[in-house]
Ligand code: NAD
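Shown below, as structure tokens, is a lone chain in the form predicted on its own; questions about how it binds or moves come after it.
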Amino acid sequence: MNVGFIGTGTMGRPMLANLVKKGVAVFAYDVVPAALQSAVSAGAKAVASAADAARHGDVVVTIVPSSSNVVSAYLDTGGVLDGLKRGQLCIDMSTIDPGTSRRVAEAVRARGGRFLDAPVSGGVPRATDGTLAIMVGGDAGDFEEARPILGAMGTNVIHVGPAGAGEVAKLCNNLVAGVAAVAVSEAFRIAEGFGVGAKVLTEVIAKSSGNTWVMEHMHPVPGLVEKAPSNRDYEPGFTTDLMAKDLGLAVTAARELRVPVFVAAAAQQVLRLASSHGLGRKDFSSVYRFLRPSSPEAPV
């Protein structure tokens, strides 16, 4: 099978590398030349546009940073729709707002194509290992057709509903993860201030109601979880800026539904402040670094 793969950055590059390892011929495109060259080094063939990627591929996969990037990748001149073949399956693995995902799906269907939204969870380590969680929205038959491709990139591939449902599930997941990262970081800063050791507190929380996936796998305090980004100067599995973006998407979705949300919005602001203090390209668990106590000489 040939796959046209658009978006070969931090997540896309290891994901397409796993397709190549499974014997898939990947025709890659990215607007950033260095990212495209990195895809070539992983075994992909470079093409000149998103439309060319669609022309070469039996299936199209896209994974780009934002809603506007997805719109551009599909709808702009030279985009996927310009190279789309009738009946061709498009799989967008970006994390974007559900409304935009549905609009792009409608545009693809209007041109005779098919569309799945399939955002991923697990960050760079799981993208590299091919063990991503993938949440898929769209037609059940299209999902079954896409399963072998998705299975080359993830181990937990779940059909969650119609078009846009994958994006909803991803935003809900990241709402929990983003809030948890801020909460865990705050807790350990408080404990640190009162002289309670991080290792001891970890043992307590791990056996108590406050235990979280974030603490188990990406502990914000260095030296406690071997594979945590905190042990590598917060080298990102998932950046602060991206988590702030996703929390913003979740807050916007809630507003459209008139569902009140409070902690998601607060966590987003903390992450945005961390970004403004130079941590935007670090892993989102680096919010712990941002939450240093102020000077003893400060009035509060």
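Don't overthink the numbering: it's just position in the shown sequence, from 1. Just so it is clear, the structure is predicted and the values come from calculations on it, not from any experiment.
Note that the form predicted in complex with this ligand isn't included here; everything after this is about it.
Position in contact with this ligand when the complex is considered in the predicted bound form, options 198, 124, 81, 149, heavy atoms within 4.5 Å: After the contact test, the surviving option is 124.
Position in contact with this ligand when the complex is considered in the predicted bound form, options 39, 250, 242, 26, heavy atoms within 4.5 Å: Contact check passes for 242.
Residue 212: touches this ligand in the predicted bound form, heavy atom cutoff 4.5 angstroms: Close contact is absent here: in the predicted bound form, residue 212 is far from this ligand, nothing within 4.5 Å, heavy atoms only.
Interface membership of residue 179, this ligand in the predicted bound form, 4.5 Å heavy atom rule: Answer no; every heavy atom of residue 179 is more than 4.5 Å from this ligand in the predicted bound form.
4.5 Å heavy atom contact, residue 238 to this ligand in the predicted bound form: Although this ligand is absent here, residue 238 would touch it in the predicted bound form, with heavy atoms inside 4.5 Å.
Non-hydrogen atom contact residue 231 with this ligand in the predicted bound form at 4.5 angstroms: Outside the cut-off, so no.
Stretch in contact in the predicted bound form with this ligand, which is absent here, among 99 to 107, 219 to 227, 71 to 79, 154 to 162 (heavy atoms within 4.5 Å): Selected stretch: 71 to 79.
Heavy atom within 4.5 Å of this ligand in the predicted bound form - qualifying residues of 10 to 37: If the 4.5 Å heavy-atom criterion is applied to this ligand in the predicted bound form, 10 to 37 yields 10, 11, 12, 29, 30, 31, 32, 35.
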